[in-house]
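Just the one chain here, laid out as structure tokens, in the form predicted alone.
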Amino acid sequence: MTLGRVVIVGAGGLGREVLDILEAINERAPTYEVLGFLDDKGGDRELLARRGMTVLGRVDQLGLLDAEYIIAIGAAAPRRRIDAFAIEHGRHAASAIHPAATLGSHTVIGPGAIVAAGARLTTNIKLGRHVQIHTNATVGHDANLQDYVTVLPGANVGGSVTLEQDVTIGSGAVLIQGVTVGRLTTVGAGAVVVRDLPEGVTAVGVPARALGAQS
């Protein structure tokens, strides 16, 4: 059997979590050969060495490696930038879906998605490019998570919610059914979103409101 060659972009904690996901996938059925990591800052080489891994070079080495890639960086902007570079150089993104995640029927997973252990996605959900659903987060029916969205641990995204491009949902946040969060907006940890949010703001509190806005 020929394994898919893959490199992880980002050698920090999230990168090691992605390595865990790939190893869990391989335990079910040999699927990936993980070549190593790419990181402009080098990462924690001691922690990587404990896993039998190393940093192969800087991120621009992605254009030279014959491998698929997974971008293990939490911030949306560098994900978008690295993805554009990779596409320009003819590289293809792999997805990392932990076997202990639950994906319901008619769920569409875009290239480069990361879905961590304990994540729960129900039915008719769409994930765009390089969407990240972190540990124990939930996404309800008919939700649309556009490119480079990040849903951090323990967040609850209700049914029919739309998260536009580059949105970040903080740990433990709750979004009620049917709301839309505009592109580039960040919802703070523990916030409760009960109405639509515009683009490019940071929203906090219960109920969530944009910083600087009147309650």
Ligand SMILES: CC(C)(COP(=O)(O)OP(=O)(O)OC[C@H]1O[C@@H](n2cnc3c(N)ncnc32)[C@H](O)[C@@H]1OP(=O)(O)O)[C@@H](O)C(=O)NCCC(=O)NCCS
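Start at 1 with the first residue shown and count on from there. These figures come from a predicted structure and were not determined experimentally.
Only in words, not in the display: the form predicted in complex with this ligand, which the text now covers.
A.B. asks: Out of 31, 177, 165, 171, which one falls within 4.5 Å of this ligand in the predicted bound form, going by heavy atoms?
C.D. replies: For this set of options, the contacting one is 171.
A.B. asks: Taking 4.5 Å between heavy atoms as the contact cutoff, choose which of 194, 24, 14, 204 touches this ligand in the predicted bound form.
C.D. replies: The residue from 194, 24, 14, 204 that makes the contact is 204.
A.B. asks: Within 4.5 Å, heavy atoms only, one stretch in 49-57, 36-44, 63-71, 185-193 touches this ligand in the predicted bound form. Which?
C.D. replies: In short, 185-193.
A.B. asks: Consider residue 152 of the chain shown here, and say whether it contacts this ligand in the predicted bound form, taking contact as heavy atoms within 4.5 Å.
C.D. replies: Heavy-atom contact with this ligand at 4.5 Å: present for residue 152.
A.B. asks: May I ask you to state whether residue 3 is within 4.5 Å of this ligand in the predicted bound form, using heavy atom distances?
C.D. replies: No, residue 3 sits far enough from this ligand in the predicted bound form that none of its heavy atoms falls within 4.5 Å.
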